[in-house]
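Consider the single chain below, provided in structure tokens and representing the form predicted on its own.
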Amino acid sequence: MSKLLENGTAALKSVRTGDTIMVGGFGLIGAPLTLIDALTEKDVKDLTIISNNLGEKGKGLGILLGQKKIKKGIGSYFTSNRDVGDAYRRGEIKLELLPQGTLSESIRAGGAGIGGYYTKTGVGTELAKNKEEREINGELYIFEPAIRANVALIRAWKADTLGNLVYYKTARNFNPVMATAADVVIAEVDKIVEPGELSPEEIVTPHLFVDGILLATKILTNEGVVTHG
């Protein structure tokens, strides 16, 4: 059965006020810019956004931040957008900072059905404050809970109509792991092909994880974000 969605409105029909949403990308690279654009037009608020960062000033998730639709951000590199720090100082947004590997592993744990894990990363720092500590083999670890979301908005290069996904180089980043850790997963892609046209060896995210696919109309180029289609 085809999972192709007609437009951004149809893609985001399951998003509600107060939802927790994972958004793929490292900066704007591998970010689902078409889906983010649709989210800026949807009447929702008080969102918790799980993403490496919150876009850039006036771009990607940075637009959503400017609309004051984000209640909380969970990520590892907020300083790529100075508006995030300004909003935090004004008390307009809550932030939870995680080391980048911890962010990725916590999402992976959420997708794997693991409740959490112990790590040495962050021990003895402010990031360990109020977290459970345990000594294992003579070394101190802190407990990190798994992370899941109501919805994941991800970016891939190619998909077949069933929802099998192929990624492009570093644009892959957080997208595959996020595809496993949300109740609803929507993928934005550059190309859509028929079942059987993708080699099983190149498929990274199987279609069972994907609820819908949308053809991208917002593309990141050397000149910036452009619209096509």
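Note that the structure is a prediction, hence the values are computed from the model and not measured. The numbering used is simple: start at 1 and walk along the sequence shown.
The form predicted in complex with a further copy of the same chain is left out here; the points below concern that form.
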Taking the shortest heavy atom distance, is Arg172 within 4.5 Å of a further copy of the same chain in the model of the complex?
yes
Taking heavy atoms and a 4.5 Å cut-off, does Glu202 contact a further copy of the same chain in the model of the complex?
yes
Heavy atom of Gly113 within 4.5 Å of a further copy of the same chain in the model of the complex
yes
Sequence-ordered residues of 133-158 touching a further copy of the same chain in the model of the complex, heavy atom within 4.5 Å
Arg134, Ile136, Tyr141, Phe143
